[in-house]
Ligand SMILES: Cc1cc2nc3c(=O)[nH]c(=O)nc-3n(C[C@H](O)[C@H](O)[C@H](O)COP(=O)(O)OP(=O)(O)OC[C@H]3O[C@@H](n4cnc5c(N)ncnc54)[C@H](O)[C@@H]3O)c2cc1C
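Shown here is one chain on its own, the form predicted on its own, set out as structure tokens.
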Amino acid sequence: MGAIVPGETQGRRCVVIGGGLAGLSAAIALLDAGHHVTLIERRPFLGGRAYSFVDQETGQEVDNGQHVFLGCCTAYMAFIKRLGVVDKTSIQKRLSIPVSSRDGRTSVISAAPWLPSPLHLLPTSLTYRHLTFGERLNTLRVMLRLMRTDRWRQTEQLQAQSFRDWLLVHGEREGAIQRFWNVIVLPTLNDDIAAVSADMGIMVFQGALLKGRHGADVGYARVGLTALLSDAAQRVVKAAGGRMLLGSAVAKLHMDGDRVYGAELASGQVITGDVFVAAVPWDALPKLLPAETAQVPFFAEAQHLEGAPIVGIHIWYDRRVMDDEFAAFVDSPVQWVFNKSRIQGLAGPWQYVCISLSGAWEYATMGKEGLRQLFTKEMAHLFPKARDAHVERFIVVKQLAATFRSKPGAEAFRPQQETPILNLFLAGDWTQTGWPSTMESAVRSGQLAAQAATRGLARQQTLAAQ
């Protein structure tokens, strides 16, 4: 991704609306290019959908959802390096995902360090215990076919069909789809493999698992997300000369012809600028625009995007019930479990774990007591030590629209960062980045928006000089 080169457009006024990862990425890129930036965020902290809160009963910082990044997430990793918080995260030295079934069988999806890519997955393909030997050989054959698939030449076809249908057409078996492929797709794309496009499904496997030995290494924060991002981002923005308006909601954008000249806050104050970057969710954008502008197809088509829920089940036991930092499961309502006590280095005889449920429509509508009964019982089945453990604390965090759905046809509704409004640019994981709805996509979108804004400033200067 090309860097922004400081030049004649330095020192222009840029207004960034939204302090999530996309807005922060855009703001810092513009500041690094020498522009004057005002960052407006409606909440009193930064981070957007990557945030945490302190549970008053336990004193622990609880993430709104378990956020994970992979070795292929180069933009996100560069971003946390820019914030100076790499030491508060960790990433595997090599891919290793323990996967267990309800009957107690455990296997590991791992990368062999002695084999070059893509052969590094060969041992896993041949020893994965949740498939029969015949299914393993067949899955290996399908994976080789996937590796040779040219996404760019087949874009239209791949975006029009589901990943499950693509796998079935190429001879994969239903059992293997659920017990191998969906173990990766469901948490990565926050949707079932039958609902995501073949294009995005193939992108995940080609870009993460098959491209290199370290593309799918799993990384995460070792502190709460707000502790990781908010204070560090504020320090970086302030040190670069940026202005921040936290706890300030933008009510609407004011336009003069085909240009935005100001962002009106809920207080009535109007923040003026030369360019504006709207780093807000797709369903929040129309509320900022004049009604006739929101109906322009460029903006209106994004409203066809759909949200997908994530549910986090946070449990504190009176004793240790799991040893690994995380584990995945097949044939169980429990999808992934993260050992937060070990990840965050929390001391005590008790243990704090988080069950992460992706594509969680079934659980998003359930009450807390129903979720408690279901998941404490299932945890006792999956983890023998949990059978005699006492649940000290149980919290449910629901994000009803945590990500957009990468359904077949959804790519057509994702707009570019440049808009029909000459000085308005978009950022957000839902814009055109080539990535699904992830932290990596959010950071990339901010960088793309900053580059587009810089080009827009250059055009403004050219027009002014004529």
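Numbering starts at 1 and follows the sequence shown. Fair warning: this is a prediction, and the values are worked out from it, not measured in the lab.
Note that the form predicted in complex with the ligand isn't included here; everything after this is about it.
K.L.:
Can you say which of 28-36, 409-417, 52-60, 432-440 gets within 4.5 Å of the ligand in the predicted complex, counting heavy atoms only?
P.N.:
After filtering at 4.5 Å, what remains is 432-440.
K.L.:
Is there any non-hydrogen atom of residue 40 lying within 4.5 Å of the ligand in the predicted complex?
P.N.:
Residue-level check for residue 40: yes, a contact with the ligand.
K.L.:
Please run the contact check for residue 399 against the ligand in the predicted complex: heavy atoms, 4.5 angstroms, yes or no?
P.N.:
Within the cut-off, so yes.
K.L.:
May I ask you to state whether residue 21 is within 4.5 Å of the ligand in the predicted complex, using heavy atom distances?
P.N.:
Yes, contact at 4.5 Å.
K.L.:
Even though the ligand is not shown here, does residue 64 get within 4.5 Å of it in the predicted complex, heavy atoms only?
P.N.:
Result yes; residue 64 sits at the interface with the ligand in the predicted complex.
K.L.:
Quick one: of 77, 328, 210, 250, which gets a non-hydrogen atom within 4.5 angstroms of the ligand in the predicted complex?
P.N.:
Result of the distance check: 250.
K.L.:
Please tell me which of 457, 448, 14, 17 lies within 4.5 Å of the ligand in the predicted complex, judged by heavy atoms.
P.N.:
By the 4.5 Å criterion, the partner-contacting residue is 17.
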